[in-house]
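The chain below stands alone and is given as structure tokens, in the form predicted on its own.
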């Protein structure tokens, strides 16, 4: 059987310098609220892996909440990692430890049960549905039994917001494909893949009339 290497990752380097102001103008704080929705639950479960962290907005909040945390930040974009490093450098005290890893997250795989918590904020929507099962399974293997995983992303709700949300998501995909070469073209629901990877949903919060969500998942422990 021939191994098929993934296509090159989307290039977010050019977008890094603009990302924060684009989010501030277009999202009116709802993405920030989604990222921080389960900050209190994630803070005590160090070591924590922040995968696809971008410019470090969540990392900064986590740093202020727990200066002794052990955190691994993974992103394919060198420019994003540099902005995250500069944002957080004044925040941490000397006893904190942050490792920055530049890697295509489809090829990076955490050591088995290395983390007590994970966060993937607006990451899973960047990949075609065919790549998600393997990606999610690899991340889940990196969690300890009972470990927590915060997933924040976009969704298309039913009801009055269905059509506006579909239009918004289509516009976002078109813009990011043009700016970064993003491979995904539509949203895929990661719920069944998370469940297949041994995760169970603990809590869910909706923002922006249900177009943005944040979920708290817990890795199941072995049956007695």
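Residue numbers count along the first chain shown, from 1. Since this is a predicted model, take the numbers as computed values, not measurements.
Another form, the form predicted in complex with a small molecule, is not on view; read the next lines as being about it.
Among 36-44, 187-195, 163-171, 50-58, which stretch has residues whose heavy atoms lie within 4.5 Å of the small molecule in the predicted bound form?
Among the candidates, contact is made by 50-58.
Is residue 99 a contact residue for the small molecule in the predicted bound form, using a 4.5 Å heavy atom cut-off?
Taking the distances in the predicted bound form, the answer for residue 99 is no, it never comes within 4.5 Å of the small molecule.
Is there a non-hydrogen atom of residue 80 within 4.5 angstroms of a non-hydrogen atom of the small molecule in the predicted bound form?
Residue 80: contacts the small molecule in the predicted bound form.
Quick one: does residue 127 come within 4.5 Å of the small molecule in the predicted bound form, counting heavy atoms only?
Because a heavy atom of residue 127 falls inside 4.5 Å of the small molecule in the predicted bound form, the answer is yes.
Whether residue 76 contacts the small molecule in the predicted bound form should be assessed with a 4.5 Å heavy atom distance threshold; does it?
Because a heavy atom of residue 76 falls inside 4.5 Å of the small molecule in the predicted bound form, the answer is yes.
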